[in-house]
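The form predicted on its own is given below as one chain in structure tokens.
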């Protein structure tokens, strides 16, 4: 799976921020991300976190035959793996150009710098030597893999303990950790890689670039150095031309960063050794912070409830009596409710608005009903002069009342009134028809 390319907007934003000496994570130009080191239960196992970049280091050993040209020296082997768990762009089972470059750089940094005394790994000259294998697994990729991998490798080597051996004639005896204490490796110095990213053809410089900054950089300079300011290896990639002053400035910055990281590694190793000697809890399970709900769960404590009533009576007797003044609720408007000494309820405003609507509606209905009564009174007076019975069977108001008795009378009145208002101009011809019928 190919990695998602950066859009032009993201690229311009990153370059503009770098020109203004700003970084997305809030760091300054020469700032390193926080480094966290945690050790496993076994010797030689550690996890190094450089920001969000995480690398797992594991050291193992076995007795093998030495190389023909170096019969008295042990063998060092480094292997870095980039899994898809770290980033989807890494393909399993295939060595990419990035992986080959990182493995070569690690070997030059750690093996060619002679940081480990390989002659101390010899058991029988020309027959048996220790082969030390360092496996590095990238757990999460957020930029600057080589720095995190170099720190993880040197920390795992410093933390590792090989089994003790004894030679009696041609017989080689290998002791378990219970029989004899394991032996640490002989390490002369700690080479650590420091990466520098260049932008705009070397105009701008950043230390410890993250994953997004690596995508927009023009070149990368990696300097491996120990705390004695001895350069173990140096590599430039990207095809940019660097001046002598730029390389010297980077070497000075690398010396400061390496001294800080070396001190951090030594403190972490001392703390782990101290915890193991005291018999305390150690390992990944103890070093990784719990992020569960029960992380801060308190232990159960026994409670004595035999004299609860006596204590309750004492508390009540010592307490101050309640005040005799009882606050009375103030009802601002009818229809509202209030508990305690609260503020005015907004329901009162709604009540007022509803009241105003009811008053307006009632006045309109009263005017319309008066007009209807006047009309009906005229009809009765006119019809009564004919001395004939009148049956108002076709009254629209009576029909509405009979067909829909459950409806609100207010709505019925408005419906009948609106109908009568529409039929107001046709009232005179209806009266004439009724008169004619009565006459017949």
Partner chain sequence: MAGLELLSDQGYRVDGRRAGELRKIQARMGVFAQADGSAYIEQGNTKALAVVYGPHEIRGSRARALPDRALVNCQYSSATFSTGERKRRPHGDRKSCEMGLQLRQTFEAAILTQLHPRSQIDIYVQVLQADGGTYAACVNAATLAVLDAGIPMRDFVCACSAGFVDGTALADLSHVEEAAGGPQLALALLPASGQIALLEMDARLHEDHLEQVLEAAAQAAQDVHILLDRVVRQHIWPSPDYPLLQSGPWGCFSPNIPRVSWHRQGWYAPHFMLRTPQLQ
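Please read these numbers as outputs of a predicted model, since none were measured by experiment. Residue numbers count along the first chain shown, from 1.
The protein also exists as the form predicted in complex with the partner chain; that form is not presented, and the subsequent description refers to it.
Exactly one stretch in 148-156, 219-227, 265-273, 170-178 has heavy atoms within 4.5 Å of the partner chain in the predicted complex; which is it? Among the listed stretches, the partner-contacting one is 219-227.
Considering non-hydrogen atoms and a 4.5 Å limit, does the partner chain approach residue 108 in the predicted complex? Residue-level check for residue 108: yes, a contact with the partner chain.
Evaluate residue 84 for contact with the partner chain in the predicted complex, applying a 4.5 angstroms cut-off between non-hydrogen atoms, and reply yes or no. Because no heavy atom of residue 84 falls inside 4.5 Å of the partner chain in the predicted complex, the answer is no.
Is residue 247 part of the interface with the partner chain in the predicted complex - any heavy atom within 4.5 Å? Taking the distances in the predicted complex, the answer for residue 247 is yes, it comes within 4.5 Å of the partner chain.
Contact test in the predicted complex: residue 28 vs the partner chain, heavy atoms, 4.5 Å: No, residue 28 is distant from the partner.
When you measure heavy atoms, are 5, 16 and 54 every one within 4.5 angstroms of the partner chain in the predicted complex? Zero of three within 4.5 Å in the predicted complex.
Tell me, which of 128, 104, 161, 215 has a heavy atom within 4.5 angstroms of the partner chain in the predicted complex? It is 104 that has a heavy atom within 4.5 Å of the partner.
Heavy atom within 4.5 Å of the partner chain in the predicted complex: which of 185, 232, 132, 205 fits that? Just give me the one. Comparing distances to the partner chain in the predicted complex, the residue within 4.5 Å is 232.
Interface residues of 57-86 toward the partner chain, as seen in the predicted complex [heavy atoms, 4.5 Å]: Counting only heavy atoms within 4.5 Å of the partner chain in the predicted complex, the contacting residues of 57-86 are 69, 78, 79.
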